[in-house]
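Consider the single chain below, provided in structure tokens and representing the form predicted alone.
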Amino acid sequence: MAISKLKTGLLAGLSVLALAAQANAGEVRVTVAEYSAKTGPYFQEVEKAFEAANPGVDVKFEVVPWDVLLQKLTTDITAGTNADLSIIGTRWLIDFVQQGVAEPLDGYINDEFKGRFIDTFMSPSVMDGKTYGLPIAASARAMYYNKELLEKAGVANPPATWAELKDAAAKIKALGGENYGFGLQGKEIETDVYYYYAMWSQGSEILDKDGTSGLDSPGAIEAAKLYKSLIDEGLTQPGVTSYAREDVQNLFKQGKVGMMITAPFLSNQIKEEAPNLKYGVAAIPAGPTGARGTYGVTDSIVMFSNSKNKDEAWKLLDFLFQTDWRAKFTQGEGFLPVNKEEAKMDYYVNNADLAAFTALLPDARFAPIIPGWEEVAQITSDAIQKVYLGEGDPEALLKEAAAKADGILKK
């Protein structure tokens, strides 16, 4: 959903915040994003344990699919029927803050609580010196590779550069059959991000130093041409723009893709769905000068300013961010730890897959915390889809997209 629609809904909602639906005394309602089939059962456990430890407080979790979450929140806020707490994409937070619907949490946070968090993941929710959210989920991206396919193709090591990846993909293609060198995402959430991996490796950034779009930079154009060459030479799966992230991951789990870029949660899926698949995790390939970058992601949980039970809601937040409950959630969903004590657990210290992701964090870029970011991301996705489909010259398409993005960024 476009952020402009979100803003319209939130502005309308301001007039009814004071008339929000009356909550029962001691009731805490929480809107939860659905990450996997494990999300609901986890929060059911939390509900039971929290209510046992806090007699008189009734917790109600509502699990909502990601693709409709923003729409639901906008509708609920407009009607004044939103929950007390909600998981959100951190990139949405600035719009919530600007519209005055997110409650600052600094009055509740003490030094002990703040000290539980790894600073890298806490900072995206801090704006103008105030903390408006807590990192409920954190992730990064790395390259998964199929060891057997690379071995059959005569590739000894996972590619460290895009040039090496292209060479390895060609060798995998030469094996014949349903073997695809590089799995390339071409639709839905993070289509723009899949393009940024190559763009960052070419030395370009999403935003230039002056705050304008970097889509028309030389590195951005080279990245688009690189991906288009992979498609044109048959080094990706056919019909790239019909593949969402989950579709490419399914191809990888089926053993049909040599390399793809995604999040830590794929490791959990492989263990459960394709336990015999021999795979590894490596850094995202570097560009010609050695530049590379990964996408750092946080989702936040926020308290709404019209909550009638803020103290009880805070008790629940404090409960959720205890080390044992954090570990249960993070390990079940396949995320990176945001809790310092959790990060010291053997599960993380001795996990080779997760080590590959955490090693990339110093090079992580987060989605810009700017108004209108979702619109800019959609402009990027639309342009790169046209590149993949051959509907225009990459340079011309990206310059047109940059101009559109600048129109949003200058508002």
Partner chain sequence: MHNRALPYLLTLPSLILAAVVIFWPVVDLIQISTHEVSRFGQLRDFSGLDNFAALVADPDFIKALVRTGVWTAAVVGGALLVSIPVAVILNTDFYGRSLARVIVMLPWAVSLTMTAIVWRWALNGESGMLNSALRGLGLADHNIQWLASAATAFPMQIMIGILVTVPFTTTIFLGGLSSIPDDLYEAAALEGAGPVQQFRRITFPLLKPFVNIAIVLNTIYVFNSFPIIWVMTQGGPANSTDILVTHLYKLAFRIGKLGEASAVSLVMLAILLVFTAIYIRLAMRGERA
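None of these values were measured; they are calculated from a predicted model. Numbering follows the first chain given and starts at 1.
The form predicted in complex with its partner chain exists for this protein as well; it is not shown, and the discussion that follows is about that form.
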Checklist line | All of Glu178, Thr241 and Asp382 within 4.5 Å of its partner chain in the model of the complex, heavy atom check | finding: yes
Check: Which of Thr323, Ser217, Thr78, Asn268 has a heavy atom within 4.5 Å of its partner chain in the model of the complex?
Finding: Thr78
Margin query: Counting any non-hydrogen atom inside 4.5 Å, which residue from Val281, Leu317, Ala160, Val101 sits next to its partner chain in the model of the complex?
Written below: Val101
Check: For the chain shown here without its partner, which stretch in 244-252, 258-266, 142-150, 117-125 has non-hydrogen atoms within 4.5 angstroms of its partner chain in the model of the complex?
Finding: 244-252
Next item on the list: May I ask you to check whether Thr289 falls inside a 4.5 Å heavy atom distance of its partner chain in the model of the complex?
Entry: no
Check: Using 4.5 Å between non-hydrogen atoms, is Asp95 touching its partner chain in the model of the complex?
Finding: yes
Checklist line | Exercise: Glu375 in contact with its partner chain in the model of the complex, heavy atom 4.5 Å | finding: yes
Next item on the list: Report whether the minimum heavy atom distance between Glu341 and its partner chain in the model of the complex is within 4.5 Å.
Entry: no
Checklist line | Stretch 181-213: residues contacting its partner chain in the model of the complex, 4.5 Å heavy atom cut-off | finding: Lys187, Glu188
